[in-house]
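Next up: a single chain in structure tokens, the form predicted on its own.
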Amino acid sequence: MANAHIRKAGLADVPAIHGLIQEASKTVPVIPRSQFEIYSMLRDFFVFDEGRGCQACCALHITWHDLAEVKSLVVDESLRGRGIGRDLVQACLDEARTLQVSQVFALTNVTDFFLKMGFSRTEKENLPQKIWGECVRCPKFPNCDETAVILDTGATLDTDIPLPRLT
């Protein structure tokens, strides 16, 4: 990881992650999450910590054998503009490559940020139906105003075992 202040989240980070997401959801388009949700997906999270605890977070959630989602990207307002969001997304992309996930997507209202990181626009309909499990809980459902973006990581799954496909 390029930024020494980015690390995998731990149990002690859950209250701070929850607080960051809840506070951000009041002013920026991020889906609020319960502490239960954060605990259940804790292994997905990276956090930014300069020694004062979690001040930013982002998660990489695996949705299928070849697809993962970057989500819950939040940077404390006082730290925005320092490249922390970029570094968190890069940490997620690096992990996706390590896990041999070939594509990473995001649903976002900050499309330009992701385009600068190498993502490209795609139609939401191009993403497997499996991802929509969370969308039905979103306050914007079914009138989502987010843009779908996707990035090919260059990773390939190293297996001889046939994997199921979504149909």
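Note that residue numbering begins at 1 and tracks the sequence as displayed. Everything numeric in this text was worked out from a predicted model, so none of it was measured.
The next section is about a form of this same protein that is not shown, the form predicted in complex with a small molecule.
- This chain appears without its partner; in the predicted bound form, the one residue of Cys54, Ile38, Val30, Val101 with a heavy atom within 4.5 Å of the small molecule is Val30.
- Proximity to the small molecule in the predicted bound form, defined as a heavy atom within 4.5 Å, holds among Leu127, Leu67, Val47, Leu107 only for Leu107.
- In the predicted bound form, the small molecule sits within 4.5 Å of a heavy atom belonging to Phe114.
- Mapping the unseen interface onto this chain, Arg86 counts among the residues with a heavy atom inside 4.5 Å of the small molecule in the predicted bound form.
- Mapping the unseen interface onto this chain, Leu73 counts among the residues with a heavy atom inside 4.5 Å of the small molecule in the predicted bound form.
- Proximity of Arg97 to the small molecule in the predicted bound form: non-hydrogen atoms within 4.5 Å are absent; the residue sits far from the partner.
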